[in-house]
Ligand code: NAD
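For reference, the chain that follows is the form predicted on its own, supplied as structure tokens.
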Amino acid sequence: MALGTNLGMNLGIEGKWALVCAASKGLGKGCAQALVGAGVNVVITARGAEALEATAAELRALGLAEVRTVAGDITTAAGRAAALAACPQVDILVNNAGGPPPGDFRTWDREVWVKAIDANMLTPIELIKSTVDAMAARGYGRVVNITSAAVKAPIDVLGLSNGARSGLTGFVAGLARSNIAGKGVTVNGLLPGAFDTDRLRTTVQAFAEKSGQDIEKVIHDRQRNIPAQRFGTAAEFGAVCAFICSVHAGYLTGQNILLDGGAYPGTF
């Protein structure tokens, strides 16, 4: 039984094809799981072949859709070409890439900036460019860009991420409202706050070691500052992604949806 049915709603995307980037772990994996649960065939990518194949085995065990893997670096032209070649057609594109490291902008040279922009702005744009016109010609398409809550509320030490992801967000704001909007194609952003992923655990561990604090205390303090009093899960993130990709979300485009347990304090 598809996930959409389990939720009391048929998402209407069974049999479609999705390309999900950085899907071996974390939020990308959560999105792939939710899409497969809705009966969507997926091509999943990641640089680590071992973790990618382990995730693919989990998804295939659901017995709901076809799962293909492409191990490689999606930020390279060759990596993108291989991923696209594995997908018969891209009805759903989930752009995702690991965020650039934190730091002080005074230490970043041009090469560091270009690497961040290439991974978190230009790579998604290249994938959109390769798929969006065919989506429009078929009359259906969903592009979901996984960015960051920092797009909405910038974090000073994440300047590389703030800059690159905000650039993508600005580009998408125009694209989503172009002529593709009348051809069944939507483009939206998903902005995660603190989610229980390997990346978050690594960050928390590093902070605990640097500050000399117990890691459990660091986790407790971070969760206490979130109104939901917890970190998000990849499964609930994926469920929102799957809904945005569904037939029910055709009137939702050009939006940036913040999933942060209420941490952002603003009205808008």
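Values in this document were obtained by computation on a predicted structure and should not be read as measured data. Don't overthink the numbering: it's just position in the shown sequence, from 1.
The form predicted together with the ligand is left out here; the points below concern that form.
Chemist: Would you mind picking the one in A208, A235, L200, L64 that has a heavy atom within 4.5 Å of the ligand in the model of the complex?
Modeler: It is L200.
Chemist: Of V144, A97, I180, C87, which one comes within 4.5 Å of the ligand in the model of the complex, counting heavy atoms only?
Modeler: Filtering the options by heavy-atom distance leaves A97.
Chemist: I'd like to check something about L168: if you look in the model of the complex, is any of its heavy atoms closer than or equal to 4.5 Å to a heavy atom of the ligand?
Modeler: Contact with the ligand, no.
Chemist: Residue-level contact is defined here as any heavy atom of the residue lying within 4.5 Å of the ligand in the model of the complex; does G26 satisfy this criterion?
Modeler: Yes - in the model of the complex, heavy atoms of G26 and the ligand come within 4.5 Å of each other.
Chemist: Classify S148 as contacting or not contacting the ligand in the model of the complex by the rule of any non-hydrogen atom within 4.5 angstroms, answering yes or no.
Modeler: Yes.
Chemist: Looking at the partner-bound form in the model of the complex, is G193 within 4.5 Å of the ligand by any heavy atom?
Modeler: Result yes; G193 sits at the interface with the ligand in the model of the complex.
Chemist: Where does the ligand sit in the model of the complex: which of 124-132, 110-118, 67-75, 181-189, heavy atoms within 4.5 Å?
Modeler: Partner-contacting stretch among the options: 67-75.
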